[in-house]
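Take a look at this one chain, the form predicted on its own, written out in structure tokens.
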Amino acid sequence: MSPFWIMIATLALAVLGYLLGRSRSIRLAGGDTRALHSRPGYHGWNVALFTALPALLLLAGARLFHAPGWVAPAALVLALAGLGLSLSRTTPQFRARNSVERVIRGVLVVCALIAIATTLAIVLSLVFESARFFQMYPWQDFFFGTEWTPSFGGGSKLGMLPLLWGTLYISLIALLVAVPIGLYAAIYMSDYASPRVRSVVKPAIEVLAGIPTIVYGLFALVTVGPLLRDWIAQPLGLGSGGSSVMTAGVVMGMMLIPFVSSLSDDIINAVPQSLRDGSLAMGSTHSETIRQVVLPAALPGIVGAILLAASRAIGETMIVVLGAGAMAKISPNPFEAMTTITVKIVGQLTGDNDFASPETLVAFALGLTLFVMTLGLNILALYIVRKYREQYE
């Protein structure tokens, strides 16, 4: 029998165990459920969990570690053993609720550990591969180099400063577009809009969050780029190309508006109404109440929304590829083509590349740099939020 059908059989046994455990507890109590320590449903779940969990864990371990073929049928035997043992423990005095709660708590702990282990695995993989890269390429040239000219034939210059400049430049423009518009939209929806208007405006804004980023990239390539070129860049003599930092930043800011707006709206709505009423009772106007009471109270959540938007902007790829181009250089002109770290990570890992060469391993060093950047943003935001919260309290 294949592992798939063994898993199906195990789940079927678990369902059967639930029904048997529940009916057995009622029968042993003489039909009076008040004589049971736990409700009949808990007795059923206790049998189901002890039937399914050990067998499913054995199946998962066998799949993960490529165990011999006899291990899968052994899981079915383990499920039958768990069914029989848990049914024998089903008595009116058995604390089934406590047993089920312990199992559920254990499952939750395992899920939390999986999340932590996944993060640790990501970090370690980046660190180890980056260490291999720095054994082949000087770290001073990587962190402080101003030229990015990879060549698999030799003589590569892999300075990350042009990529870092493009990443921060585009992200800054995107936040300058998304944060004011998103925050003001959130204030309007939470404190000014009527319920009827809110029911139309909020879903309309959140539609932007469901648009694939490749569509935004096409919009930048076909519409926004030519408009900025024809209306601003060429008349001012700043550039003649449709691909530019400004194009990618503006379109990325449009993409980030629903993130800032929706999260800020939820946070502002969570501010107690008593704070608003107290401010109005003291003679403050509606706008003064929002500016001096509501926004300070909601600041931690707003900072979190801005941080989420910044992280999304730093990690975006498709909009940059189609809107900003792939030119790695440092320039203050926002109407010139540049690129970001994520674009070059994709470029270095695309195709049949040799993972023993610095031109490929540099992608892991760039990924580690992005991770440190986002971690620094989180730490800075946490510091700002805690400091402001102390002053507000």
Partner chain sequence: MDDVRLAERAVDTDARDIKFQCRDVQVWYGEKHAIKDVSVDLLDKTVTAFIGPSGCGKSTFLRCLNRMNDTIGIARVEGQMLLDGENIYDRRVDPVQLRARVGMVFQKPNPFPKSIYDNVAYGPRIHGLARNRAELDEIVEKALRGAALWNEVKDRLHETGTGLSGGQQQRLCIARAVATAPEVLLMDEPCSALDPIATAQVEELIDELRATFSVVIVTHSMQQAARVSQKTAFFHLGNLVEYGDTDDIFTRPRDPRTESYISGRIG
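What you see is a predicted model; the values in this text were computed from it and never measured. In this text, rigid core is short for the largest set of C-alphas that superpose within 1.5 Å between two forms. Positions refer to the first chain, counted from 1.
The same protein has a further form, the form predicted in complex with its partner chain, not shown here; the description that follows concerns it.
- Of the stretches 235-243, 73-81, 163-171, 272-280, only 272-280 has residues with a heavy atom within 4.5 Å of its partner chain in the predicted complex.
- Contact check for V293: a non-hydrogen atom falls within 4.5 Å of its partner chain in the predicted complex.
- The closest heavy atom approach of M136 to its partner chain in the predicted complex falls outside 4.5 Å.
- Within this chain, T285 lines the site of its partner chain in the predicted complex, having a heavy atom no more than 4.5 Å away.
- Although the partner is absent here, S262 is not a contact residue: none of its heavy atoms lies within 4.5 angstroms of its partner chain in the predicted complex.
- A heavy atom within 4.5 Å of its partner chain in the predicted complex is found for one listed residue only; from A131, L176, A297, L85, this is A297.
- For the stretch 181-218, the set of residues having any non-hydrogen atom within 4.5 angstroms of its partner chain in the predicted complex is empty.
- Relative to the superposed core, A204 shifts its CA atom by less than 2 Å between the shown form and the other one.
- G283 is among the residues whose C-alpha shifts by 2 Å or more between the shown form and the other one once the rigid core is aligned.
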